[in-house]
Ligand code: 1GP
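Shown next as structure tokens: one chain only, the form predicted on its own.
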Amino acid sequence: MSRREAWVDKHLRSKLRSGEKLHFTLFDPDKTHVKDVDKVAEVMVAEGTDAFLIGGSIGVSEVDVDLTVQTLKKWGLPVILFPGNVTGISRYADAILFMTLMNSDDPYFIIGAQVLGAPIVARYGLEVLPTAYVIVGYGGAAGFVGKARPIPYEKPELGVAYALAAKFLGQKYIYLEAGSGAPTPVPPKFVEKISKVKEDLVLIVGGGIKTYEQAKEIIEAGADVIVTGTIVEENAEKAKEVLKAIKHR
């Protein structure tokens, strides 16, 4: 079992304590060709993205994950795994969102995949970021593959219950996922309800965030981190507007 210095969580929380809000750029190895990763990373780093997430729900191989991680390492930002399954683990990453899909109907995504992946994570010495993953609204491929029952946008009280459960179970992060390419992101009022009970949980929100206004409203509602993926894949220049809402409040 290899050992590495754990620094990613401390780094991210230090930025949050200083009053910053964070942006993570998501790369899906199945959708973003390795030759395009550098181009996108260059744009996003220049605009102030805080970390890279690497993961996807389908078609992700360990080889592709390794190549994507290695390509991104040179930029000096935290490279964090966002695995849809055990094939999403790479020895070259800095940390991993070690997630339980809280509202899945399938025990595999609640604890089975985690049991299979834990020895690999330990062997690679990856820093672990314990994360409650909650599918909301549209859900997308993550919700379909993970057999989740997405929380309706108009039922934030259910989201609050999941957030409290995550906190009581000792999770450190909670990720509200509307799904890749969601028609609409998680509503600000939903985010606000979660933010009022999260305490030390780092609140991450992703899925369908495509405009300056959407990002600004979600940040002002209490999100700590916004994730953009689809918009980055389609048009990194357009993604700059989202970053402006986060970094130039």
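Heads up: residue numbers just count along the shown sequence, starting at 1. Quantities reported herein were computed from a predicted structural model and do not represent experimental measurements.
Note that the form predicted in complex with the named molecule isn't included here; everything after this is about it.
K.L.:
Counting only non-hydrogen atoms, choose the one of 215 to 223, 180 to 188, 44 to 52, 63 to 71 that falls within 4.5 Å of the named molecule in the predicted complex.
P.N.:
Stretch 180 to 188 is the one.
K.L.:
State yes or no: in the predicted complex, is some non-hydrogen atom of residue 29 no more than 4.5 angstroms from a non-hydrogen atom of the named molecule?
P.N.:
Close contact is absent here: in the predicted complex, residue 29 is far from the named molecule, nothing within 4.5 Å, heavy atoms only.
K.L.:
In the predicted complex, does residue 227 have a heavy atom within 4.5 Å of the named molecule?
P.N.:
Yes, contact at 4.5 Å.
K.L.:
Using a 4.5 Å cut-off on heavy atoms, what residues in 125 to 145 are near the named molecule in the predicted complex?
P.N.:
Only a single residue, 133, comes within 4.5 Å of the partner.
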